[in-house]
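Subsequent text provides structure tokens for two forms of one protein chain, presented individually as structure 1 and structure 2.
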Structure 1
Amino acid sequence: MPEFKDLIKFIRIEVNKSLKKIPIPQKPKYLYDPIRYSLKGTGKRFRPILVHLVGRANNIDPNVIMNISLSIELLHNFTLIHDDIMDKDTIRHGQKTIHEKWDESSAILSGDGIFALSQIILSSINDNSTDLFRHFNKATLEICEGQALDKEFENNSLITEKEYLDMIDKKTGALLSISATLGPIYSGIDSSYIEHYNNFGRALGKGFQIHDDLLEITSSPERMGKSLGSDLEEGKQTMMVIKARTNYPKEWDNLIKSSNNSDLIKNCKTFFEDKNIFDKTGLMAKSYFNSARKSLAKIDNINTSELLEFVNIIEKRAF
């Protein structure tokens, strides 16, 4: 379906144009240089695209939708900047992270500034939008909870699948939920439908994140990034690691202990293949994508075909 991919591309270009149009002062450079750098990034813009697709299906004012989508993309950027400090990641999307290119203080401050900016943009919607701010900030607090759980889970080899799913629901699901719900909330839709949009966003978020865990180790070396080897070594929990650890505790323990830096990734891949852990994890992601489709089916007052196409694209992505 080339037309739909063109639509996605068109929205991405429009979002990127609008991101560049956000007026960012020149001074103080300590604050605004990193913010400008962050907004020029090459993110995939999945979240603002989702906002636009929901807006199209509901015939919501495109200007309002653009502002909501920008505010959500800025919220996303803010959380990434602070997460990168906490996780000591030096590269994101092929570019130096802000704390690496400038320093930690600059990264803390520019993250704070982008978060404030995201809500200044949200406040440009000339309407009674207190509800939007309530949902926006509750989602932000939930994302903080998700990041806190992620930090708590580091090197905790007792984490269950359920706890991991709860963490990614907060860290990824909450943001996809508001990407799907803020437009309908603005348009004053019946609250029973809001719940379906919320469930749709959260299921899509969990599918997206589990799929992302898989891509991290199965796709090209470039995609894998520098952090994968050290992540596995340092005991960072992913769905595959949890499945390996809980179902094959002794074998997994032996594998980690007997592998050295250079062959750890290869050994893990072989292990995940031999034990069908890749397949099981893939099926788990698939079940969340199907759950997202079921929630869409309940939204019977709009044409959901573009949103279904979007789920397909997310499910099939290999980058």
Structure 2
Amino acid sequence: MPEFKDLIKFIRIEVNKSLKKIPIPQKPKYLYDPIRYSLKGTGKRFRPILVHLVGRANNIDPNVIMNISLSIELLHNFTLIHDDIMDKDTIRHGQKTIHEKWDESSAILSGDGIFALSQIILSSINDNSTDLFRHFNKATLEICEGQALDKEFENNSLITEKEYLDMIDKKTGALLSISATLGPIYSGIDSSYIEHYNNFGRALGKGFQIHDDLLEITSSPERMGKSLGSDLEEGKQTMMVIKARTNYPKEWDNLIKSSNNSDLIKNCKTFFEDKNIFDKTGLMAKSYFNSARKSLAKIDNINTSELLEFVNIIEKRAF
């Protein structure tokens, strides 16, 4: 395990070095200063790390894998910048969000610029480029659909667990899916194996997002490196909220109506603890992490030990 943690640290360092080497012009400053600022954040780089681990398992050219991982990390940053505007978040990766440091117009434009950079980097890969672009842009559209559903679901007390799971499959699962599949797609392996990688990434994404919803309440801004509590304040339908209002409708309604913004998070946290909703939600996340492991077990042509270790890290993360 210590050796694997060293590997993860090494990949993260190399990805950060490569992000810094992306040629970004000096002018116009209105566009490029926020882009540089965004890319210097201390992100966990889970998605590019996954790309590299899949690449290692399949003996794919490290230079190709690095370009795929950078394009996916840039896509991720693009979505975060725009999400932060919509969710009114003020901290991301341990620093002020772009719209908080500059303004919304700067943030929108820099997000667009980062997405263009992701396309430029992906275009440097010659083999199977058509398939790579098709899956990459299909995932981008899925992520946009997921964010749209997330916004539509706000303050909607009719949203079901299934609808929530469909939403996070698009918003989070799609990005982890291409993190797991673009390398194998580049290498031209059998489509049945691509589907196993896709199922692995999507199950991992669902487990990741449900666990992230838990950390949104149970962790701290300092540990998470982002502002917390905005989901509850914006009326987002997380799995915990859905379980609370479905199983305890009157009590939950009274809690929401009687809580001021200043004590909403504290009151919800107490409610989730008293009703064992934290435990039930945690078990649901665990079931998806186990599904990810089952998908890996079907990929019998590679050594999946590092990918299994990665699932363990994601499942046990506290930030």
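Only the largest set of C-alpha atoms that superpose within 1.5 Å between the two forms is called the rigid core. Just so we're on the same page, residue numbers count up from 1 along structure 1's sequence. Computed from a predicted structure; not experimentally measured.
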Compare the two displayed forms of this chain and pick out the form predicted on its own.
-> 2
Is Asp127 one of the residues whose C-alpha moves 2 Å or more between structures 1 and 2 after the core fit?
-> yes
